[in-house]
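The form predicted on its own is given below as one chain in structure tokens.
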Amino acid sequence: MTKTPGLPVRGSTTGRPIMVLFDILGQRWTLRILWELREERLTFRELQNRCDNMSPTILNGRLKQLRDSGFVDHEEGGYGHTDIGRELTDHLVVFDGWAKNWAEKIGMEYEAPQ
């Protein structure tokens, strides 16, 4: 079932848009998929590899949800962001910067994997 604003979701009986978005983004692997697609289109196999070889069943389910929600499309060349998905990912990049600053402020060092 597609999660859409106005319909109840986990944590919200009213289906407020922010709660629907958080419910979608809170599903395991969803943020990772969006993140991996931020720079280029990827085939199913490429995306699966970048997501630590997640189960194809789970990847299919997450991609269906993201397509139904309007964040991802599938065209020649693979999966990629729609305009609204790109806009969402631009906001996630801001959160990434904020999170790195937060980690530094609380004394945690983080090195990105090579």
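A quick note: this is a predicted structure, and the numbers were derived from the prediction, not measured. Note that residue numbering begins at 1 and tracks the sequence as displayed.
Although it is not shown, the form predicted in complex with the DNA is what the next lines describe.
Handout entry: Partner proximity in the model of the complex: His74 to the DNA, non-hydrogen atom cutoff 4.5 Å
Key = Residue-level check for His74: yes, a contact with the DNA.
Problem - Contact flag, Gln27 vs the DNA in the model of the complex, heavy atom cut 4.5 Å - result: Yes.
Practice task
Spell out, yes or no, whether the shortest heavy atom distance between His81 and the DNA in the model of the complex is within 4.5 Å.
Solution key: No - in the model of the complex, heavy atoms of His81 and the DNA never come within 4.5 Å of each other.
Problem - Contact label in the model of the complex: Arg50 to the DNA, heavy atom within 4.5 Å - result: Looking in the model of the complex, residue contacts with the DNA do not include Arg50, since no heavy atom lies within 4.5 Å.
Problem - Listed residue that, although the DNA is not shown, lies within 4.5 Å of it in the model of the complex (heavy atoms), from Arg41, Arg67, Arg32, Arg86 - result: Of the candidates Arg41, Arg67, Arg32, Arg86, Arg67 is the one lying within 4.5 Å of the DNA in the model of the complex.
Problem - All of Arg45, Ser55 and Ile58 within 4.5 Å of the DNA in the model of the complex, heavy atom check - result: Every residue of the spot touches the DNA in the model of the complex.
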